[in-house]
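In the block that follows, a single chain appears as structure tokens, in the form predicted on its own.
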């Protein structure tokens, strides 16, 4: 397969986490921005700067984020004794807001046996609920090429890690977490042609939105559908996303401060990585390769955006003071761990307004999972391994330790 060969060539070209070029100046998220004076206290940040930055990221980077509130949620029990009797598997069919689409969002919910309330991890999978979670769940209308055959899936696991397609569900349940999984391709396919034709784009206008914004809205739709479940602890809901869905998870949480924590695994350019400093994938490269991820206006505004000082450390700053874990890999220079680490360090200024140090670890390779911003670099390349999930659960254990039902 051409995609596998292409990825292999790209992988061998990646060397190490690298470093930030000397003398780089990163605009403080607390300095004056778009006519708003400098910020010195948390109330000013929340009342003045947060809405200003949210608007800036929507209008200058990601495009219109469709209305996320579900109109209706239907539930169906798939297995009351799933995973050897340790969990209950349900299918939620979420009717999305009127400005979005008539296509419902299917969400698979696995909750530990018992009453709860349980902390919850919300994530998007890559190939479909039937193949990644349980064969009794609905099959998607569209799948990426790598997901259509057993060989493609096997090569994906070989190249991108043992947990890239199927998350370690039993481990999450045993640690006391509920997990909700949706397949974003049901509503917003990761395909440049099919995405522009999808119903979700008809309300806002396809030129004004991008797939990352639409995927972010799906995270928020799942969040609103699940937070009212009495088995779920609404204050302990985390978004998890890898690569493109890491970008979407960060954006969704930046737009809604009710989200309890974010885990963004190798989210890269337009995720947690500084666009102005990266030695990996450039903004021009990502827009050219994935034009449907962004509104049409982004291609012409990249230079102006950089001049304005709007970069990804400000997206991370919008998450303050909530816990954030940024996962990285030593051979994934395309996502540029060094530029992501610099963004996390810069965002920590805002965490300081809330009495938190933010990122406290002295280097990329010395993670402190107790900090409100934590960062790690594991061996290997771009993908998801079981070790990534072990680190994520360890991180959530520390920050959700006061959760009900623990």
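Because the structure is predicted, anything quoted here is derived from the model rather than measured. Residue numbers count along the first chain shown, from 1.
The next section is about a form of this same protein that is not shown, the form predicted in complex with alpha-D-glucopyranuronic acid.
Asks: Taking alpha-D-glucopyranuronic acid in the model of the complex as the reference, which of 334, 223, 177, 195 has a non-hydrogen atom within 4.5 Å?
Replies: By the 4.5 Å criterion, the partner-contacting residue is 334.
Asks: Considering non-hydrogen atoms and a 4.5 Å limit, which listed residue (163, 259, 286, 232) is close to alpha-D-glucopyranuronic acid in the model of the complex?
Replies: Going through each option in turn, the one that passes is 286.
Asks: Work out which of the listed stretches, 312 to 320, 241 to 249, 85 to 93, 129 to 137, brings a heavy atom within 4.5 angstroms of alpha-D-glucopyranuronic acid in the model of the complex.
Replies: Every other range fails; the passing one is 241 to 249.
Asks: Verify the contact flag for residue 385: yes if a non-hydrogen atom of it lies within 4.5 Å of a non-hydrogen atom of alpha-D-glucopyranuronic acid in the model of the complex, no if not.
Replies: Answer no; every heavy atom of residue 385 is more than 4.5 Å from alpha-D-glucopyranuronic acid in the model of the complex.
Asks: Could you confirm whether residue 290 comes within 4.5 Å of alpha-D-glucopyranuronic acid in the model of the complex, counting heavy atoms only?
Replies: Yes, residue 290 is a contact residue.
Asks: With the cut-off set at 4.5 Å between non-hydrogen atoms, does residue 281 touch alpha-D-glucopyranuronic acid in the model of the complex?
Replies: Result yes; residue 281 sits at the interface with alpha-D-glucopyranuronic acid in the model of the complex.
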